[in-house]
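Single chain ahead, written as structure tokens, the form predicted alone.
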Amino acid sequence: MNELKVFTFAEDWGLPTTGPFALKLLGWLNLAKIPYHQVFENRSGKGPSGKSPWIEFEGQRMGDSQRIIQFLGQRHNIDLDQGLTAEQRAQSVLRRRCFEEGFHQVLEWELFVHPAGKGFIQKVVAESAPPVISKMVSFSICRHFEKQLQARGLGRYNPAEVEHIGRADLDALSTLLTGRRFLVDDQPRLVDLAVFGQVAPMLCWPMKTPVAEYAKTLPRVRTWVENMRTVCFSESAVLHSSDTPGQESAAQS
């Protein structure tokens, strides 16, 4: 029997992985009740697309969380959005892309550009890399993301503007959750998993970054994250193994 292996960044912050897109994938697998073996691999460059997470299954290696979900969903005939109207599906696509394409940049900015986020990266690298090169490695990682954010647009804003953008996204999320346990109806859908993957790390990490601290003041967002953690991960019986330590990034797809 072929085993499904899921390669993710290591666990931290009370979450099964620090990777936003890996959280989405693991949550989907748990809700879909598909058995898997989680392998901790912090070097995303080892994956087929150079990003985390990725899977190995039946001799095939595949990256990109959305592509993996589509592949496994078709194989197992599972659609977490079954029963939604065409309008609900369309709204879900737009909300998912808002957070995975837009808010994700805010997460990266706070993790790799903000001093508190940089401090965390430096600490993680120092714990896994030789002292002689740890500063150079952490600098290289943060600089890489600074350049990416500059190219994608968000890096061109000043810190106050980045905070404003992140807070606006969280306010919109809080409004959508008014009177609801989940984003669409009374059960978690794919959009919940996608948005959860982006918001949960910021809500759970200990670094004092502006948007993450603001997220912690929003009761509806906090309750929704706890609901997602309970539904997706409280009964998860997943084998974990760790390959080579060495944090590269907790923010890739």
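Because the structure is predicted, anything quoted here is derived from the model rather than measured. We number the residues from 1 along the sequence you see.
Form predicted in complex with a small molecule: not shown, discussed below.
Trainee: Check for me: heavy atom within 4.5 Å of the small molecule in the model of the complex, for each of P20, K51 and F145, yes or no.
Mentor: The answer is yes: all three residues contact the partner (heavy atom, 4.5 Å cut-off).
Trainee: Please identify the residue among Q66, T223, T217, Q187 with any heavy atom within 4.5 Å of the small molecule in the model of the complex.
Mentor: Comparing distances to the small molecule in the model of the complex, the residue within 4.5 Å is Q66.
Trainee: So the small molecule isn't shown here. In the model of the complex, which residue out of R95, H104, K118, R167 has a non-hydrogen atom within 4.5 Å of it?
Mentor: Checked against the cut-off, the match is H104.
Trainee: Looking at heavy atoms inside 4.5 Å, which stretch does the small molecule contact in the model of the complex, given the options 137-145, 71-79, 167-175, 86-94?
Mentor: So the stretch in question is 137-145.
Trainee: Examine S44 and determine whether its closest non-hydrogen atom to the small molecule in the model of the complex is within 4.5 angstroms.
Mentor: Yes, contact at 4.5 Å.
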